[in-house]
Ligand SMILES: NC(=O)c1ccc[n+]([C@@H]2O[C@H](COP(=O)([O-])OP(=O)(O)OC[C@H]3O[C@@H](n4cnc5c(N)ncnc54)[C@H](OP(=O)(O)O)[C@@H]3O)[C@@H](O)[C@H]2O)c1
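Before any questions on binding or motion, here is one chain by itself as C-alpha cells, the form predicted alone.
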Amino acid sequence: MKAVLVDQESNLSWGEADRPQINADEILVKVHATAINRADLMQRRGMYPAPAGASEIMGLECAGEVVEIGESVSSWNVGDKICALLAGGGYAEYVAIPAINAMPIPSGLSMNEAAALPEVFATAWLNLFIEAALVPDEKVILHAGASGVGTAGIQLCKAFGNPCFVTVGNDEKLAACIQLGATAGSNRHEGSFLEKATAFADGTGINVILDPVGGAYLNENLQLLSVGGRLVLIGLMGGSKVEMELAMLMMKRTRIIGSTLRARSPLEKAVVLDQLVDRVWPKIASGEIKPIVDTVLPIASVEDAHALVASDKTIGKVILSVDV
C-alpha cells in the first residue's frame, strides 16, 4: 500500500509501506479520507511519538470502508462505511483499527466530511461533558475557537444548552464562531480576553474553560472561573511553566484537569465514541451539528496541508482525500 512517509529531515512523501495485518479484535479499513491534527505536525518533527503498539504512520482519524474483519469481531461487516478514531496510521491507503473505535458515518455525510468528525468531536465531548461534567446553562470559554476542536465545541455547547465565549486569532474567525453559535468572543491580537470574558460571565463567573494554550492563559483563566469552576488543559501552545496563585484555587474550589486523548486505551476511547454515536450523531444527521471543513487536498499534497494548518489561517478541519 501507499502511505505518508517522513524522512530524516522531516519531509513528507506519498510512498510505499507495508499493509497492516489485523488482530482478532480489529478491522481493516480502506481509507477514503483522513484529516490533519496539530499532533501530526509535532509527530513529524519527533516531538509527539506514537503510543506503544500504535502505527508509526501519522493520522489520528479516518473515514473509509471495512475490507476485512478479525475473527472475534461481530459489530461490523465487510463493506460497512465507517469513521474512526485512531492512535495512528490514518495517512495511508489502509489502516487497522480496534473494532470498538469505529463509528457509523452519520446519515448524509460524504467521506471527506466524516473524516472531519472523530478526533475533534471526541476531544470536545470527552473534555467538556465527561472530564468537566458540563451541565445545561453553565458558561464555557473555548480557547482557539476556530480550530477543529473549537468549532466542534461551539456546536456542542449550543446544542446542549451552554452559552460559550471564544478566543480567536482574527475578526473573520470570530465572525465564523458567532455564526456557529458562540455568544461572544475576543481577538487575541487586540489584547487580553479578560475584560470581554468578564462581561460575558456577567458576575457569575465561568463554569468550564477548555484550553489548548496552557501557561500564557493560566492566570486569566483562574480569575474568570466561578466557584467550583473547571479548567481542562488539553494543550501547551502557550508554554508549560507559569507561576500561579494557589490561594485562588482553594477559595474558589477550582479543579484543573489535565487531559489527553491519543494515549488512552481503545476501551476508554470506546466509552467516548459510544456517547458520541448516541448523543451527537443524531444531531449531525439532522443538520443541527455539522462537520466544519476548511480545505480538502489530495493526500499527495500533504506538505501543503501541513503548511496550511501551521499557518493558523484555517477555520475547522483540513482534510486529505485518499481516493487516488
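The numbering used is simple: start at 1 and walk along the sequence shown. For clarity, every value in this text was computed on a predicted model and none was experimentally measured.
Not pictured, yet referred to below: the form predicted in complex with this ligand.
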Please run the contact check for Lys158 against this ligand in the predicted bound form: heavy atoms, 4.5 angstroms, yes or no?
no
Find out whether any non-hydrogen atom of Thr123 is located within 4.5 angstroms of this ligand in the predicted bound form, and reply yes or no.
yes
Can you check whether Ile57 is within 4.5 Å of this ligand in the predicted bound form, heavy atom basis?
no
Exercise: Asn37 in contact with this ligand in the predicted bound form, heavy atom 4.5 Å
yes
Answer range among 208-216, 195-203, 93-101, 243-251 for contact with this ligand, defined in the predicted bound form as heavy atoms within 4.5 Å
208-216
The one option of Glu303, Asp312, Asp25, Asp18 with any heavy atom within 4.5 Å of this ligand in the predicted bound form is Asp312
Exactly one of Ala116, Leu86, Ala182, Val168 has a non-hydrogen atom within 4.5 Å of this ligand in the predicted bound form; which residue is it?
Val168
Does any residue in 134-168 get within 4.5 Å of this ligand in the predicted bound form, counting heavy atoms only, and if so which ones?
Ala144, Ser147, Gly148, Val149, Val168
